[in-house]
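Next up: a single chain in C-alpha cells, the form predicted on its own.
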Amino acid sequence: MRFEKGKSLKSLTTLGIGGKAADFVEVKNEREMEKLFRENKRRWRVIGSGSNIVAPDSGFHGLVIKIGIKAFGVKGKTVYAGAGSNLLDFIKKINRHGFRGMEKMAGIPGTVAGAIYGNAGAYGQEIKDNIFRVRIFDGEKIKWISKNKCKFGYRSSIFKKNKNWVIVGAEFSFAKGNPRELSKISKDIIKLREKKYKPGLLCPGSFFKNIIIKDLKSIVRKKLLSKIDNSKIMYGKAPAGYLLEEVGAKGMSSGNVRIAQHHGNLIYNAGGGKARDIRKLSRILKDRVSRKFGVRLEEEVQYL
C-alpha cells in the first residue's frame, strides 16, 4: 500500500470539488484491508469512484481509503464482484455471460460497492434484486452477510447506518437471458443517459432521490397528487427532476455550481465550483419543493 499526503479530493470525485485529504491510500485486496484497519487508528472515510460524493472545501482531516478490489468470478449462475469493480464494466461482463437483471442499470456511475451502499437502480431495476449475499469488513473481521440483513430500501441499505462496515464484494444470482439482447438494451440505455449527462460533465448523476408515493402519509400524498401531472409518476415514484422543474430549478446557479437547463435534478460543477454552493442550492431547492408540494426532497449524494 502506498500512502499519499495532501491528496486532492477534486481528483477523487466526479464533481471535481473539495479540498485535500490529509492522507490517502488505495487497498487492492482483502489482506491489505485487514492490515490497514488493524494498524490505522485515525479518523477515516471509504470511497469508491467518488461518483456520489460531495467533498468539503476544507478537505478531510483524516485518512481517505479507496477500495480497489476488482475480483470477478462466475460459478454456474452465481457471480462474484469485488467492491471496487466499475459498475458498467461489471454489467457488460454479465451481459456477455447472458445474465439478466442489471442491463437497464448500465451507465449509472460508480463502483459495485457504491451501488450496493445506495441500492442504486434505474428503469425498474435495483442492484438488490439479484444480490445473494454481501462480503464486508465489520471492523474486526471479514465475513458474509445475507441479503435480508442488508435491509435494502429505496436508495438505502444498512451500510448507510453502519458507517464502520466496509463492503468488500458481493455474490449475485441471475436468471439467464440472451447476451446480444442484453447488450443492446444496455447500449440503448447508455445513449439515453448521455443525452442527460454529457460525457465529461462534472456531476454526481441524480442529486435528489425521487419521492415514493406509497410511503407518504395520506394527507401529504393527497396534496402532492392534487398538484402534479399523474402521467409523470413512474414506477410508483414522483420524479424529483419533475418537481424541481415545476419550482423553477432549471438554470439556477450559485457561484460556479449550476443546474442544467434541460434537467432540474442535474447539479454540476461548471469549473471551480464549491461544496458550499452545492449546499446552498440544495437548501433553496428543498424549501421550494416543500412549499409547493408539501414533500421534503432528500439528497441521493453523500457529504464526505
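The first residue of the sequence shown is number 1, and the count goes up from there. No experiment lies behind these values; they were computed from the predicted model shown.
Note that the form predicted in complex with a small molecule isn't included here; everything after this is about it.
> Whether Ser156, Ala240 and Asn265 jointly form a contact site for the small molecule in the model of the complex is the question; each needs a heavy atom within 4.5 Å.
Result no, not one residue of the spot touches the small molecule.
> Do Phe152 and the small molecule come within 4.5 Å of each other in the model of the complex, heavy atoms counted?
Phe152: no contact with the small molecule in the model of the complex.
> Look up in the model of the complex whether Glu300 has a non-hydrogen atom within 4.5 angstroms of the small molecule, and give yes or no.
Heavy-atom contact with the small molecule at 4.5 Å: present for Glu300.
> Could you tell me if Val79 has a non-hydrogen atom within 4.5 Å of the small molecule in the model of the complex?
Taking the distances in the model of the complex, the answer for Val79 is no, it never comes within 4.5 Å of the small molecule.
> Can Trp165 be called a contact residue for the small molecule in the model of the complex at 4.5 Å between heavy atoms?
Answer yes; at least one heavy atom of Trp165 falls within 4.5 Å of the small molecule in the model of the complex.
> Tell me, which of Arg100, Lys147, Lys92, Arg193 has a heavy atom within 4.5 angstroms of the small molecule in the model of the complex?
It is Arg193.
> Any idea which of 178 to 186, 219 to 227, 71 to 79, 107 to 115 reaches within 4.5 Å of the small molecule in the model of the complex, heavy atoms considered?
So the stretch in question is 107 to 115.
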